[in-house]
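A single chain comes next, written as structure tokens; it is the form predicted on its own.
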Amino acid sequence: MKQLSHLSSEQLWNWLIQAHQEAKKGELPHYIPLLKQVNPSLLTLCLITKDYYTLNQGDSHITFPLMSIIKPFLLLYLLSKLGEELLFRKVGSVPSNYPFNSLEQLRLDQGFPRNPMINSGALTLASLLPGKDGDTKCQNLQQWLNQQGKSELFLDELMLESVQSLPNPRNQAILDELTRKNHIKNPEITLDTYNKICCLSGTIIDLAKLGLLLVNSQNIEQNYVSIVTKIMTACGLYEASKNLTTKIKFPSKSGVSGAILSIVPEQGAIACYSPPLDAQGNSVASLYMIEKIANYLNT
């Protein structure tokens, strides 16, 4: 396999130009008002290797919410705090063929969350964060990630207001089902926590630095890293994960803000942000860029 550090700025720029055209095939999400108002032509990328060689393209000062990209790091944090045995009594690790916010999948599984990368699993894990309320639970996760990842995540209050401004009947139905099955004790605090951690925000460099936690972190047990990257590979790109894994070949996680994080094992991380999404909720241009990089590294 070729090295991430061998990629040139010129090569990345050429792919970025093509990715701008690909982005026109996607659409902005309609269910969060602020995300619907984002400039669809935004596109930025950061590569970072395990020895902190960094290569950026696009505006690296843009900030965006992590949304579902927080899910693997929520899992990593709780593994480090609670351990594998307890955690996987609460949530499974099996891929889903249904959308990330599917109530049907949860009911088919008799109320047991199928994996941590879909909303039922992430809501369940959010309820396990230490703290008395959504604020302290979110702050505990935020502080740990910033300390471990040398990142500067912050809670985007305007984005949080936007998320909370419209009802989310799917998430509410999922919460009701989880509560009925005794997987969650306090649904109000759980939903507040989940909304807040999804609105943790940063730059493309912050996201790439977080990716290094899944490459060479000295303070996190390697077994936990392996668990997270394995689940990312199988479940990180929603119901499209199985098909896209054959193209990208790296553990990846997307979020509806338009960001995607991919882990290049033993080398580093690729973070890309472009708001327009495909039908599954994955960034069209980000997928294009990461696939181009993956093809380069694997030839």
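Since we're looking at a predicted model, the values are computed, not measured. In case it trips you up, residue 1 is the first one in the sequence shown, and so on.
One more form of this protein, predicted in complex with a small molecule, exists but is not displayed; see below.
>> Whether Tyr31 contacts the small molecule in the predicted complex should be assessed with a 4.5 Å heavy atom distance threshold; does it?
In response: Result yes; Tyr31 sits at the interface with the small molecule in the predicted complex.
>> Using a 4.5 angstroms cut-off on non-hydrogen atoms, would Thr179 count as touching the small molecule in the predicted complex?
In response: Looking in the predicted complex, residue contacts with the small molecule do not include Thr179, since no heavy atom lies within 4.5 Å.
> Given that the partner is absent here, does Phe73 sit within 4.5 Å of the small molecule in the predicted complex, heavy atoms only?
Replying inline: Flag for Phe73 set to no.
> Taking 4.5 angstroms as the cut-off for heavy atoms, does Asn119 touch the small molecule in the predicted complex?
Replying inline: Output for Asn119 is yes: heavy atoms within 4.5 Å of the small molecule.
> Pick from Gly268, Gly26, Gly255, Pro251: which has a non-hydrogen atom within 4.5 Å of the small molecule in the predicted complex?
Replying inline: By the 4.5 Å heavy-atom cutoff, the listed residue in contact is Gly255.
>> Within 4.5 angstroms, counting heavy atoms, which one of the listed stretches 125 to 133, 144 to 152, 209 to 217, 190 to 198 is next to the small molecule in the predicted complex?
In response: Result for this chain: 190 to 198.
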